[in-house]
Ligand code: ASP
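Below you will find one chain, with nothing else, as structure tokens; this is the form predicted on its own, and questions on how it binds or moves follow later.
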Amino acid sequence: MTQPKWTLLIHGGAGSMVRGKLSAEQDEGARAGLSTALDAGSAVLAHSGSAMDAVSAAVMALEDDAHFNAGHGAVFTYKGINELDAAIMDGKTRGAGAVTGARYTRNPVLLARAVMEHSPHVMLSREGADEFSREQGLDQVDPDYFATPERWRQLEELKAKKLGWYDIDMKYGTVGAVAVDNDGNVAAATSTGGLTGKRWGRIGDSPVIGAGNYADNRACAVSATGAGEFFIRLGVAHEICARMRMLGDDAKAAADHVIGELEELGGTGGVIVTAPDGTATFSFNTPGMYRGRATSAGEKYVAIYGDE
């Protein structure tokens, strides 16, 4: 009898992480957070749970960890508020849900899933997303819950240095997870606080289905992190799946090709990808990416730097 096989990949953002730049506390804290998220998602899959439940659990753990730019620990807009974006997609049905500019839901990934499962829509925004969240009975918090002193310091630094439109120091702290479960179904989830200093209700790729998040049992599941405007222009997540489905690329070949196209346009970032057969890969063109992998074979791996 063939043993069921599952795979879970997570990321906590891609960016300018190089050895020696992160403090020991930052390094250890991020690794611990990634490990906790892997444990949360793996516990679901190991008990024959669905890929959807696994990516939800993993992303919730990352949203609750202030080391990452999602949920508690989200970055501030230029006006000093936290606005949260998230998306989730089921590869079995190609059902999807997304929210942007939410301000009161403790775990935005659960709000995105509620949009998918309990509304006729795919994406809700701002006050409407918050209203829907309350109607669904999701855990509500005061906006101060999301704020941390370190994120406020980053905003003040950006303003003081007049660095431009928004944070240009490549600190893409978006979180995400992709999984394939014992039944061969894939799912993807992504959550973010956006970019430090973002203005005018800017929306990045994370809640955009096909750009920062996509899942299709015919190909793969993808969650992205990076310079969102470039990921939107390329439709990165869908493009990877399309190459696998139409051209027969494996996950690594498809991901590396599309990240290469992203770089040609001037974009930076990375993706995590898993296919229904359990194959999976990371691809990024930044110095580092917070990332992790767990499998039914007992593998558990977390990393930050590009040479790991």
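Residue numbers run from 1 along the displayed sequence. If you're wondering where the values come from, they're calculated on a predicted model, not measured in any experiment.
One more form of this protein, predicted in complex with aspartic acid (ASP), exists but is not displayed; see below.
Residue heavy atoms within 4.5 Å of aspartic acid (ASP) in the predicted complex occur in exactly one stretch of 104-112, 205-213, 118-126, 181-189, and that stretch is 205-213.
Interface residue among Gly71, Gly97, Gly91, Gly173 relative to aspartic acid (ASP) in the predicted complex, by the heavy atom within 4.5 Å criterion: Gly173.
Only one of Leu158, Ala219, Ala227, Leu234 comes within 4.5 Å of aspartic acid (ASP) in the predicted complex through a heavy atom, and that residue is Ala227.
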